[in-house]
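Just one chain follows, in the form predicted on its own, and it is written as structure tokens.
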Amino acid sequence: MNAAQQKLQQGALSIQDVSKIYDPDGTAVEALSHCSLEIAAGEIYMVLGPSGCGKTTLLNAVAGFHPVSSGRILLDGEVLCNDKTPQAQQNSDRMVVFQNGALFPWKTLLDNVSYGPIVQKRLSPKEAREKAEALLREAGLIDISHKYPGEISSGMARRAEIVRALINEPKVLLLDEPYRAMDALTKAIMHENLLKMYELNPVTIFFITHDLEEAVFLGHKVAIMTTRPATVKEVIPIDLPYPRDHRVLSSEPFRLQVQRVKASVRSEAEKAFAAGEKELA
């Protein structure tokens, strides 16, 4: 078994009957209601639903950013959180890339990527820089590794953020609508780049999105979430072979998969629109 195959044996995520109630000022707001998902090691798992339905709340619970109200979450059979320990510990086995950029503006891309393993003392500065250079080369960023975040495009910065997460060798990469603000062409290029990076660095990907075509193009499976309080309406397997590139977008199988996903999520989007839902963290 090579290193890539061995890595794919890790990262199985089990979300079991998870609910989350926010209680600002004593007014209970139910964000999640009995959510359950089984994500196999190495899957690209897309979570799709209307804005404000609670997708990011679920990701934050997996990451350990806030407690769950009930239910439990397991990673490779080990409990991250449950009724007794409602908030998972934050750990490098789960790395998050957010909607908004989080690179240190005063550090070069190379220094940004190598920073984590050095601070955590998992690698020496020399080892961390060598590993960072290798990953930046795989991502097509080595020629600009000396530049600062303010000197590069948003697409390049986002690729660097994903590389910065991957250098920690997480079991699960948590992506919270990382390409949301990008134009369609840039987003399409970013999708292909992510799949290439995934092929070289296989990892379980838990990807929050509201973009139907993004969900179908990238994912092994798409979980459709209901409007708030979010629960899992349906999980749709995406029957499209990997590797995938832009040619898939014009194929009949892709169109049919998008239609199926759209039909499932449309009624939930209509409910959210009618209710005037606002974004909920």
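In case it trips you up, residue 1 is the first one in the sequence shown, and so on. Keep in mind the model is a prediction, meaning the values are calculated, not measured.
Although not depicted, the form predicted in complex with a small molecule is the subject of the following passage.
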Partner-contacting position among R129, K107, R180, K196 - heavy atom within 4.5 Å of the small molecule in the predicted bound form: R180
Single option in A31, C35, V68, V222 placed near the small molecule in the predicted bound form, where near means a heavy atom within 4.5 Å: A31
Heavy atom of S154 within 4.5 Å of the small molecule in the predicted bound form: no
Close approach of T56 to the small molecule in the predicted bound form, 4.5 Å, heavy atom: yes
Heavy atom of H210 within 4.5 Å of the small molecule in the predicted bound form: yes
Interface membership of G52, the small molecule in the predicted bound form, 4.5 Å heavy atom rule: yes
Full three-residue contact with the small molecule in the predicted bound form, heavy atom 4.5 Å, for Y22, Q99 and R228: yes
In the predicted bound form, segment of 159-167, 69-77, 172-180, 90-98 with a heavy atom within 4.5 Å of the small molecule: 172-180
